[in-house]
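The form predicted alone is given below as one chain in structure tokens.
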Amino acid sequence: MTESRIRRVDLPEPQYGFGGDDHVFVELDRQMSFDANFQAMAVTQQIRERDLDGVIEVCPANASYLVRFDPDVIPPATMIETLREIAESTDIEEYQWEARIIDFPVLYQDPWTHETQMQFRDRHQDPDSTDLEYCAKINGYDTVEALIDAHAGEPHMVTMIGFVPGLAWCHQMVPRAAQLEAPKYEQPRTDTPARAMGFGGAFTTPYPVQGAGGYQLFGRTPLEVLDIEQALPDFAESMVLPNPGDIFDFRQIDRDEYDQIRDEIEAGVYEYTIETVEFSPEAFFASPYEYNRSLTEALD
């Protein structure tokens, strides 16, 4: 633990640009930071709360956001002027939002992603090691177990949804010096099991479906993050589980618990463990480790 606070970042002036006649793209920074991401979430939450006539869709991202609007209802120049006003009136040091804390079991070093990564070692930076061994080495951990403890030791915030339905970018809620980092494969795989826990850059992404991928493979979760049939109770309102601003508490489990959860999910009876709290960026910046403990205690 090298820092006890989150180092704040001075954001540049937001860059507002049009995408066709009916989209505004707002770039908050060229780099991902908690400041940029929290600003994107706070502004887009305020846009939704104001329920502005002509605004059709709002999409926050890691350090930017996109607004789709009807130019016949709200002129483009007025749209940008409104976004500037919302941004200027939103101070994340005083802002809070309702966040969901979600218990997220993970079977690290599972047999399915291990088999997959062994099939594609010729595309990896270190063909003679596993993905976890490689990531432990480049992040300064002596053992895979120490890397897993670090990955599961602090919660991860969902900072963005996209690329494929249900795919969540999850950024660990620790100071930058404690962030795990790893490159993607040198050449992407043509196959990745559904529910694989991928890691690339400084982001964990539970793969919603089977498909190609390039992230390092850490394990597999028994949970679904995408339920197209909406058969599970927690998907009654949306086929996608994660939302930006959600907090995933990754928890290491064994094979027996993995199988038990899968049985309940396939029977359509599994209920996710989810609690709701008020998230304060300022409290998190000031004392992230202590604040994380207070957040995850809501799941006890």
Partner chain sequence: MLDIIDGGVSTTVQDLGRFGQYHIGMPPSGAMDSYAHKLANYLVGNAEDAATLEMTYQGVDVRFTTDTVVALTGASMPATLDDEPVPMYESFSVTAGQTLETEFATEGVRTYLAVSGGIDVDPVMGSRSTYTLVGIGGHEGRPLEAGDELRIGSDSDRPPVGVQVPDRYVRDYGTRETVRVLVGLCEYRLTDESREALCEAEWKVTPEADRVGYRLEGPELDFVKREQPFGAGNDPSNVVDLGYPIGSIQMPKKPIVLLQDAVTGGGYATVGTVISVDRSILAQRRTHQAVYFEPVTVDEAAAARDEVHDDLHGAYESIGH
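Superpose the two forms; the largest set of C-alphas matching within 1.5 Å is the rigid core. These figures come from a predicted structure and were not determined experimentally. Positions refer to the first chain, counted from 1.
Quick note: we don't show the form predicted in complex with its partner chain, though the next part is all about it.
Given that the partner is absent here, does Met118 sit within 4.5 Å of its partner chain in the model of the complex, heavy atoms only? Met118: no contact with its partner chain in the model of the complex.
With the cut-off set at 4.5 Å between non-hydrogen atoms, does Ala99 touch its partner chain in the model of the complex? No, Ala99 is distant from the partner.
is_contact(Pro193, its partner chain) in the model of the complex, heavy atom dist at most 4.5 Å: No.
Contact with its partner chain in the model of the complex for Gln31, defined as at least one heavy atom pair within 4.5 Å: yes or no? Within the cut-off, so yes.
Thinking of Asp22, Pro71 and Phe203 as one candidate spot, does its partner chain come within 4.5 Å of a heavy atom in every one of them in the model of the complex? Yes, each of Asp22, Pro71 and Phe203 comes within 4.5 Å of its partner chain in the model of the complex.
Give me the residue from Thr78, Gln179, Thr90, Ser129 that has a heavy atom within 4.5 Å of its partner chain in the model of the complex. Answer to the contact question: Gln179.
Heavy atom within 4.5 Å of its partner chain in the model of the complex: which of Glu266, Glu57, Asp254, Asp53? Residue within 4.5 Å of the partner: Glu57.
At 4.5 Å between heavy atoms, only one of the stretches 222 to 230, 107 to 115, 145 to 153, 82 to 90 reaches its partner chain in the model of the complex; which one is it? Result for this chain: 222 to 230.
For the heavy atom contacts within 4.5 Å of its partner chain in the model of the complex, list the residues of 206 to 220 involved, in sequence order. Only a single residue, Tyr215, comes within 4.5 Å of the partner.
After superposing the rigid core, is the C-alpha displacement of Val55 2 Å or more between the shown form and the other one? Passes the 2 Å threshold, so yes.
Any chance the CA of Asp22 moves 2 angstroms or more between the shown form and the other one, core superposed? Yes; Asp22 is a residue whose C-alpha shifts (by 2 Å or more) between the shown form and the other one when the cores are overlaid.
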